[in-house]
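The chain below stands alone and is given in structure tokens; this is the form predicted alone.
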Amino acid sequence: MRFAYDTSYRESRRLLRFASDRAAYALLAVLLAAAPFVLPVFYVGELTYLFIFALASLGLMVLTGYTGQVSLGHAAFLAIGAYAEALLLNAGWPLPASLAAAAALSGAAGLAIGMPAIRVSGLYLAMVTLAFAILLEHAVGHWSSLTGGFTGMAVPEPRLAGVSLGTPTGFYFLCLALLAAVLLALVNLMRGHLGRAFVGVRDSEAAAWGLGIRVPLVKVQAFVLSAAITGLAGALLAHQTKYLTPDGFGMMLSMQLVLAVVIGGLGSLRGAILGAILIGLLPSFISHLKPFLPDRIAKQFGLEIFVFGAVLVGFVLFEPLGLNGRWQKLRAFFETFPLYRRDTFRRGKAYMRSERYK
């Protein structure tokens, strides 16, 4: 068993409090650093895509998981970041400046959408973001003079200080470094006053108003931060695909991001990573499974959508806390063994809340 005995106020705020946690993350860092040197190129590319998808999932988690604002059109911010990265690199910008500018442009788009969108909530907010994604997809497809339209646009090779990062190993470490930096920044942000304001707005807007939190400002800040992180992921996705077309940023991509956040566990950065890994690996799993299925099923259109829906229903029914909830249960089991009790995680009854604050 393991108990946390705090000897100072700083003890409870340490990221890695126990030696076992530090050893586990050090081992994970070593494995990730050694992966591109021991794995085939195909699997290095798959891991790189998972890093990018996890980064986009973190962006949506800030908005949906921590602030409670549902977005069904986050693929639009991926598209803004991807096309901004390609255009800026073609204009001669260096890689760090183009990545920062792509994130900033996506954040500006989040500000433009967030300011009017905060007037609505729930289903209406989801419809607003979905409409924005559909409009942007059509705009990108028909603005051929800037984006190449449906013909597409080639993405230049990423280079840093004259060194090419277009190789599988170089791009792998670029995506891993950016994912780790954003994750560390979000961990610290969510432990501060802004992150607590996000959670307060999500749990009860009426209570947030009563505590002096400016709810509209907090919602807009969440939109901007979420869009900027997603735009950075879009810039990396542009280098991953090497060729951009509007079809690559459709509604299906937005749905995958929503699934990653919900299945991973709302309100958890770890859940965003775990959900992105599961959803990112599902298409490959389905493609490997098709040869073992009857032809009538394997050739059926929309098989991936059916599997995604089945996975979502399974988690909603049997593990509503998501992958992060399951991880917490397993960790509690090993930490408290043999005194573990299943009643520790028994859900209480939920009652309807009143949000009258006007």
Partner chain sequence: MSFLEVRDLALAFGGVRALDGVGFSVERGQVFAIIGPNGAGKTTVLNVVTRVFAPASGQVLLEGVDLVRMPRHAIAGAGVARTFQNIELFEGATVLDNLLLGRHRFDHGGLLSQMVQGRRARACEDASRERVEALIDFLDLAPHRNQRVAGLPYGVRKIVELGRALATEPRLLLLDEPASGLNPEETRDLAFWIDDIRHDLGVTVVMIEHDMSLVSEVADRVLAMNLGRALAEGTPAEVQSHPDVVAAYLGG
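Positions refer to the first chain, counted from 1. Just so it is clear, the model here is predicted, and its values are computed rather than measured.
Beyond the structure shown, there is the form predicted in complex with the partner chain, which is absent from this document and is the topic of what follows.
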| item | value |
| --- | --- |
| Proximity of residue 10 to the partner chain in the predicted bound form, heavy atoms at 4.5 Å | yes |
| Partner proximity in the predicted bound form: residue 245 to the partner chain, non-hydrogen atom cutoff 4.5 Å | no |
| Any non-hydrogen atom of residue 162 within 4.5 angstroms of the partner chain in the predicted bound form | no |
| The partner chain contact at residue 93 in the predicted bound form, heavy atom, 4.5 Å | no |
| Selected contact from 89, 274, 208, 140, since only one has a non-hydrogen atom within 4.5 angstroms of the partner chain in the predicted bound form | 208 |
| Proximity to the partner chain in the predicted bound form (heavy atom, within 4.5 Å), stretch among 281-289, 197-205, 79-87, 231-239 | 197-205 |
| Stretch 212-245: residues contacting the partner chain in the predicted bound form, 4.5 Å heavy atom cut-off | 212, 213, 214, 225 |
